[in-house]
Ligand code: NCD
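One chain follows as structure tokens, the form predicted alone.
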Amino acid sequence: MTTFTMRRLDDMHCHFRTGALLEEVLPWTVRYAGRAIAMPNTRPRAILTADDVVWYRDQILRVRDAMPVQYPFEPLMTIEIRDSTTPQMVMDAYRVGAVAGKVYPLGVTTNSDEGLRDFFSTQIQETFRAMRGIGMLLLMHGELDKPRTLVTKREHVFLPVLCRLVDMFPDLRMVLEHISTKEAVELVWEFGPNVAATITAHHLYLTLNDVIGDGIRPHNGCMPMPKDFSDRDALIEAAMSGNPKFFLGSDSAPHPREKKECARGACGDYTAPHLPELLATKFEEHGKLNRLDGFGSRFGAEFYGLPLNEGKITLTQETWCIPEQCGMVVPFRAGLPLRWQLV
């Protein structure tokens, strides 16, 4: 096989940022994705209300429409769920097009300094019930930052919270984002049809050794942090299993180079410039290229209740090297070869 054609991707977890960085990073995703979930933890303006949703969607569409080549692309909007989020706020956001509410537990990732503290307060339970009633999805960064908890154990500590939420809200569609452990894979596999998980491209490549095993490699650092070889193996198996509970969410998270290469570097891997190529290379490596369309283009749409993309993308089998830098950001696996290239 020298070429491979599939539906345009649905990237169900993407960070587009704002301002100049938005203008730089969005066009990469627009080239190959029919839709992408726009994460709401933006700064200086977080996406918390219906007005924020309208504002951010307008910013994204302005950049999309200014591209010299036009592609069929729709941003899927979200709001951030905080302790102060009310049922009315989520219903208003839903009316203007937000498809999901995203929870960042306090202090676990970029711009989570005002993240959710209490998953089980009376107000938040009412908010989750409102989301269930209108069909709005609950997306969760599945980590907790607790005292005496290593960063590699944060997902493990969060999973009992997830189990309790699933018991309390069996009809609320939930997505455990960017899972990174074998334990999370097994739990999602066992839950009912209302629970799914996204898997990133970079977690299919990395273990903790790639971050701190041979010197500190800041451009591999992300949250959740990559784990053990057995965890990576479980993620690869889940992504390539054909099980519709596991689908693509790249968590492509751009930071300017100077914010990664510093005393306290930002976490996030920037995969948007070559996401289809990363996926095709890894799926082919495991003899499962035929499963990529389901993982990247079908299962996410079905879980969100969306029609499948009609457009296609084509990759050709041609070894090339990832650039050392894309604009102000260093891409994931910069300088390393890939076996597939987007036409």
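Note that residue numbering follows the sequence shown and begins at 1. Computed from a prediction, not measured in an experiment: that's the story for all the values here.
The form predicted together with ligand NCD is left out here; the points below concern that form.
Looking at heavy atoms inside 4.5 Å, which stretch does ligand NCD contact in the predicted bound form, given the options 107-115, 73-81, 208-216, 152-160?
Stretch with heavy atoms near the partner: 107-115.
Only one of M223, L165, I124, A234 comes within 4.5 Å of ligand NCD in the predicted bound form by heavy atoms, so just point that one out.
It is M223 that has a heavy atom within 4.5 Å of the partner.
Only one of N41, N309, T49, Q59 comes within 4.5 Å of ligand NCD in the predicted bound form by heavy atoms, so just point that one out.
Result of the distance check: N41.
Using heavy atoms and a 4.5 Å limit, would one call A253 a contact residue for ligand NCD in the predicted bound form?
Yes, A253 is a contact residue.
Residue-level question: is P273 within 4.5 Å of ligand NCD in the predicted bound form, judged on heavy atoms?
No, P273 stays farther than 4.5 Å from ligand NCD in the predicted bound form.
Can you work out whether R333 and ligand NCD are in contact in the predicted bound form, taking contact to mean some heavy atom pair no more than 4.5 Å apart?
Contact with ligand NCD, no.
Give a yes or no for C267: in the predicted bound form, does one of its heavy atoms lie within 4.5 Å of a heavy atom belonging to ligand NCD?
Contact check for C267: yes, within 4.5 Å of ligand NCD in the predicted bound form.
Pull the contact list for 178-195: residues with a heavy atom within 4.5 Å of ligand NCD in the predicted bound form, in sequence order.
Read in sequence order, the lone residue that approaches ligand NCD (within 4.5 Å, in the predicted bound form) is H178.
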